[in-house]
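Only one chain comes next, encoded as structure tokens, the form predicted alone.
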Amino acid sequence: MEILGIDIGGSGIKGALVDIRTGELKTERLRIPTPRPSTPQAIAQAVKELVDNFNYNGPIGCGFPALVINGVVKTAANIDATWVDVKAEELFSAQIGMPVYLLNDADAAGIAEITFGAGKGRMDTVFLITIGTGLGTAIFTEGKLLPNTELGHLKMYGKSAEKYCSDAVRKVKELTWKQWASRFNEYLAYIEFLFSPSLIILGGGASKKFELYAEFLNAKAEIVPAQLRNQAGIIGAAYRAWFKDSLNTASQ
């Protein structure tokens, strides 16, 4: 079965059809720029434009860069402030004309990695950290997700951790990979102090460059790059949409 998965990021909105049995992309990944300002109506219209490029009719999964509870956006750290308390699932579904299921973008990536990728079969505590414009987190224990952790907003030096050691910070401050890794190691130590994970999977855009900084990372946990790289958000969103749509259909 093929489901459309969409990953909304700070700089781009990406989508593809996914075989939810294997986690494989069945089409080329399509990317369009995230509109500025990233208001609810602007994002909804951009998502519709992306969806219109696929010959598709069915449920859609959408990873979103915020805390999402029952389809409602509750935070707006890296998106327009007008998103707070927006019923985003309803907005997107009405705009597109198909059922849309929203979840936190890091949770979507984590679902993909725990189902098809680097965390497959792991029953211990597994962390996924997405490194990009910000820092996203997903936590799994016995294969089960604890949703909406958003631990990129843990406080470090009086500000959110993602303002200290995201990939965006590395670029703005023109840090070498070794310099950036020194900062990121502090964040890893914080995570390990709080949760003691056995496996840490690094995803997001920076996962494609894992070999450039892997030697500088220090942690007690095993650290590996995401196997699905920056496709994980699309794959996990599609998988979650299939799961939730199946539950909704069965209850009708």
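Counting begins at 1, following the sequence as shown. Here the structure is a predicted model, which is why all the values come from computation and not from measurement.
This next part talks about the form predicted in complex with a small molecule, which is not shown.
Trainee: Quick one: which of 113-121, 100-108, 170-178, 139-147 gets within 4.5 Å of the small molecule in the predicted bound form, going by heavy atoms?
Mentor: Of the options, only 100-108 has residues within 4.5 Å of the partner.
Trainee: Can you check whether Leu67 is within 4.5 Å of the small molecule in the predicted bound form, heavy atom basis?
Mentor: Yes - in the predicted bound form, heavy atoms of Leu67 and the small molecule come within 4.5 Å of each other.
Trainee: If we define contact as a non-hydrogen atom of the residue within 4.5 angstroms of the partner, is His153 a contact of the small molecule in the predicted bound form?
Mentor: Answer yes; at least one heavy atom of His153 falls within 4.5 Å of the small molecule in the predicted bound form.
Trainee: May I ask you to check whether Val72 falls inside a 4.5 Å heavy atom distance of the small molecule in the predicted bound form?
Mentor: It does not: once the small molecule is placed as it appears in the predicted bound form, Val72 has no heavy atom within 4.5 Å of it.
Trainee: Contact between Glu89 and the small molecule in the predicted bound form at 4.5 Å, heavy atoms?
Mentor: Looking in the predicted bound form, residue contacts with the small molecule do not include Glu89, since no heavy atom lies within 4.5 Å.
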